[in-house]
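Single chain ahead, by itself, as structure tokens, in the form predicted on its own.
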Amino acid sequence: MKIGHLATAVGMDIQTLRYYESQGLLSEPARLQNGYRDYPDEAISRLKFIKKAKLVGFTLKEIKDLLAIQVTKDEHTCQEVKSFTQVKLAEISNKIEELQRIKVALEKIHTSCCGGDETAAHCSILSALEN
């Protein structure tokens, strides 16, 4: 199948597919006589896997590692795969904590500002960000 058909089938744009191919996430397909890429039907399931893995927060490097395991499932354990989600959950938890700290700090400077019509020469938000 041509790249345009594949892109439509998985809801991605052609540039993304070419990028995934250049990064080794998608195997380089055979070429037709006219030079067009001819993707096998299995490319659809591989791209859907990539799409779902991205939705739950995996990086392309992590996805590449997961795909390598998927190709040789019999040589790996569920624990190996589970460790990917364990690491990702810890990263997400750390990000949530960081975002909560940012939110508290932002709320503090937001509520300290009167928000009036006067000039910003003595704005508490600008002062807080400068110091």
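In case it trips you up, residue 1 is the first one in the sequence shown, and so on. So that the term is clear: the rigid core is the largest set of C-alpha atoms that superpose within 1.5 Å between two forms. Because the structure is predicted, anything quoted here is derived from the model rather than measured.
In what follows, reference is made to the form predicted together with another copy of the chain, a form of this protein that is not presented.
Although the partner is absent here, G115 sits close enough that one of its heavy atoms falls within 4.5 Å of another copy of the chain in the model of the complex. Remark: A43 does not count among the residues lining another copy of the chain in the model of the complex, judged by a heavy atom distance of 4.5 Å or less. Taking the partner from elsewhere, M1 is found to have every heavy atom lying beyond 4.5 Å of another copy of the chain in the model of the complex. A residue is said to contact a partner when one of its heavy atoms sits within 4.5 Å of a partner heavy atom; K73 meets this definition for another copy of the chain in the model of the complex. Although another copy of the chain is not shown here, in the model of the complex the stretch 74-97 places heavy atoms of D74, H76, T77, C78, Q79, V81, K82, T85, Q86, K88, L89, I92, S93, K95, I96 within 4.5 Å of it, in sequence order. Taking 2 Å as the criterion, D13 does not count as shifted between this form and the one not shown: its C-alpha moves by less than this amount when the rigid core is aligned. C123 shows a C-alpha shift of 2 Å or greater between this form and the one not shown [criterion: core-superposed Cα displacement of 2 Å].
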